[in-house]
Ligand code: IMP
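Here we start with a single chain on its own, the form predicted on its own, put down as structure tokens.
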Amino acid sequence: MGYVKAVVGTQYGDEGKGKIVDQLAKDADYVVRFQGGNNAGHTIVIDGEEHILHFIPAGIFQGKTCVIGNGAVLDLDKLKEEVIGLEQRGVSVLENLLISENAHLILPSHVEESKTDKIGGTGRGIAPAYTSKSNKTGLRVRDIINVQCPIDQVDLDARPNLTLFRDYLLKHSYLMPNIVNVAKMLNFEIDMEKNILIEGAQATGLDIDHGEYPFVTSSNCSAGGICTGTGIGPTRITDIIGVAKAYVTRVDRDGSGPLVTQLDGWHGEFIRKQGNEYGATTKRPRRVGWFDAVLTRHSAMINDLDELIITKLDILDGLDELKICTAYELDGEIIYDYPSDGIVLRQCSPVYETMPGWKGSVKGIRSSRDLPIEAVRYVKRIEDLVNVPITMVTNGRDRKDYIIFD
């Protein structure tokens, strides 16, 4: 029997999903990205060499067929740069890449418009591209094919952008062999019992519907977006895997997005430095906080998680004590449920539980039985608070640095 597994973020993105997808892709036939654009950055370290992906799914380093679904948005110029950069490193991309004909395009005009975004975006045209999609004025990948048609076959009154961006589309006609009906293809392959691995960008805290609105991204990056972003029906998804850091980070342009457990003192700077917490896409310093179990519980519910993976456990090496946020205080009241409202969250304070840290380092350890008992208890406490089984932890940057947790 084949499977359809999905990997989604449970915090604010940057949880290390790329490394997890790269690891799980070994057994997959297809690796599929279902939403977002180059506002996401997935980092994979292979034998000490760092690779950063923005559009291409992280299965590319395992030689898998990588698919960009219709829920994603594509800047064709930036995609070409990424393809060239990977192929210069000896990675075969175009022969392993399929793109949905219905994915929308990030146009140069969208990039210019996004530079005035007031809600802390990345300035890469993501929100304007999704706005054009909703307004039904956007261009799709299929328009690379449409622009080749005789001009009298195109309704130019209905599609003025097709003429305006004709040269832009023609420049990227090399992608025509890679453009397919992804929904039809994936459903056929599922019928053939192939293994499908779904890759999310960003995370549930930034989901346009279930995140901290308005301090969110412009797509559905929780599991519900898989169906609309790929054309795979909900009952065909067999496993949903959540990813969370052993702490929490957030990156935004002006620091306005909520981060209830934010650390501004010595602890925050220690974790930022140890974890190299700078945006893979933006290079901005990430804000850092203690693990937020309230947020992750919310993500577990929204995504109906089957399992949880904790990343970057090694970054907490050397700290005498650790804190986990178990509840929020709002207007003098203790609340355990997550309010999906950015304005309300900015008024919340964390309620912490303190645990002892561990001596020495967890790096290089390959079995959970060899971890310091304090590290095991920390992971198990997160498991209890989130009420989802933790099946893996990562303990280093390289793809081989992980522990199956039992």
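Residue indices: 1-based, along the sequence shown. Note that the structure is predicted; figures quoted are calculated from it, not measured.
Unshown form predicted together with the named molecule; subsequent notes refer to it.
284 is the sole member of 80, 267, 323, 284 with a non-hydrogen atom lying within 4.5 angstroms of the named molecule in the predicted complex. Put simply, of 243, 248, 197, 206 only one has a heavy atom within 4.5 Å of the named molecule in the predicted complex, and it is 206. Annotated contacts: 30, 189 and 231 are all free of the named molecule in the predicted complex [non-hydrogen atom within 4.5 angstroms]. Although the partner is absent here, residue 216 sits close enough that one of its heavy atoms falls within 4.5 Å of the named molecule in the predicted complex. Contact between residue 202 and the named molecule in the predicted complex is found at the 4.5 Å heavy atom cutoff.
Under a 4.5 angstroms non-hydrogen atom cutoff, the named molecule in the predicted complex lacks residue 18 among its neighbouring residues. Within 4.5 Å of some heavy atom of the named molecule in the predicted complex lies at least one heavy atom of residue 13. Only one listed stretch (335-343, 38-46, 349-357, 362-370) carries heavy atoms within 4.5 Å of the named molecule in the predicted complex, and that stretch is 38-46.
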